[in-house]
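One chain comes next, on its own, written out as structure tokens in the form predicted on its own.
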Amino acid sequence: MSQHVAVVGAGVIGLSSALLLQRSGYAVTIIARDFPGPFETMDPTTKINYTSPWGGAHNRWVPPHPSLPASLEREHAMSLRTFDHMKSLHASHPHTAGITFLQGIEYIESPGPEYLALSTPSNPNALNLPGFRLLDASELPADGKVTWGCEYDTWCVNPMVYCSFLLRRFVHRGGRVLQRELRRPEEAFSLLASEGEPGRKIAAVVNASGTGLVPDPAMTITRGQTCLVAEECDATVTRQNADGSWTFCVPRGFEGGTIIGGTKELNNWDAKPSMEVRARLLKRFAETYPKILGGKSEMTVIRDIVGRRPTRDGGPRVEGELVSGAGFVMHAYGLGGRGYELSWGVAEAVVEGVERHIKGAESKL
């Protein structure tokens, strides 16, 4: 009988981890309060803490550098692994997985050393980013404020097409789902002991709950406001302004419109979107990338989005812990706004952590 692993959380990290655990031969149950469903019918207020539906859901390369937190080295490696997984999924399921490959464009008004390091004549692509090319001055926005730009190959997903695809794949391969709200990840051990198959022990619990469900002083939330518009864009575009604000778009593909953003507001719990912020976001992006207007005077708004990204100071927690009186918990939470772009890299680390624990436990028998 295969070992049984419970995954707490059905966001992009939980779904990706569950699928890779299945592929490694484990019986897997996902326990979550919220599961993927049609984006169009989802209530943005009651589901504000279910992060995955509201994400921009694309890959934006964040270059590590000695001047930046050391955790970015690990995150960059995870983003490269995720890129490979997305490429494979798109190749095998181009019409159903909700994945689109396209061009990514970066505009930086005041580039830091991590970007300037990509501009050295001797090695202009030290990180080996796929399709990387520096932009020349004629390709930058007309307002003259952007001093550095590049393009690269990237991907984006329509979040609920993609998450529903992952969940359907998981169930089709024998996975089990339980809709429950847990207060601690270790509750999963007793829950599955009472509802699971007789004689099957829970070997591990994966804590992909987003917030962590554990006391963690490094955890907070980042409020983000974006706007979903009907217009389609031909690239993901990100502009980092000199004042620290951001202007970006993430096409969702599959007739899902385009996300225009956005804000990053630490410790702001306000669930109500601001019409003033919406107007500013749309105006700034139209000025940065007027091509999205297609000759019109303004974009067609479908919905304002406010999401809460569970963010962890010092980087996401991806590590195992033996909880006294319960069992082994593999933590995978606190990814902030980088859940999608690190998802498969985190899932690989989850499988490695679970297997390391199980092999260690077996060697002691």
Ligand SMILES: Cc1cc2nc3c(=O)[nH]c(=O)nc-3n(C[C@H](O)[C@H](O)[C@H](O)COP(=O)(O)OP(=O)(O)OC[C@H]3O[C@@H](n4cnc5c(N)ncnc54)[C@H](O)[C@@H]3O)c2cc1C
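The first residue of the sequence shown is number 1, and the count goes up from there. Keep in mind that what you see is a predicted model, and the values were worked out from it rather than measured.
The next section is about a form of this same protein that is not shown, the form predicted in complex with the ligand.
How about residue 336 - does it come within 4.5 Å of the ligand in the model of the complex, if we only consider non-hydrogen atoms?
Yes, residue 336 lies within 4.5 Å of the ligand in the model of the complex.
Tell me, yes or no, whether residue 65 is in contact with the ligand in the model of the complex, where a contact means a heavy atom of each within 4.5 Å.
No, residue 65 stays farther than 4.5 Å from the ligand in the model of the complex.
Looking at the partner-bound form in the model of the complex, is residue 28 within 4.5 Å of the ligand by any heavy atom?
Because no heavy atom of residue 28 falls inside 4.5 Å of the ligand in the model of the complex, the answer is no.
Mark residue 209 yes when one of its heavy atoms lies within 4.5 Å of a heavy atom of the ligand in the model of the complex, and no otherwise.
Contact check for residue 209: yes, within 4.5 Å of the ligand in the model of the complex.
Using heavy atoms only and a 4.5 Å cut-off, determine which of 177, 192, 228, 182 is in contact with the ligand in the model of the complex.
Checked against the cut-off, the match is 182.
Using a 4.5 Å heavy atom cut-off, are 11, 33 and 57 all in contact with the ligand in the model of the complex?
Looking in the model of the complex, the three residues 11, 33 and 57 all sit within 4.5 Å of the ligand (heavy atoms).
Based on heavy atom distances of 4.5 Å or less, which listed stretch (87-95, 212-220, 274-282, 69-77) is in contact with the ligand in the model of the complex?
Partner-contacting stretch among the options: 212-220.
What residues in 295-318 sit within 4.5 Å of the ligand in the model of the complex, counting heavy atoms only?
Contacting residues: 307, 308, 309, 310.
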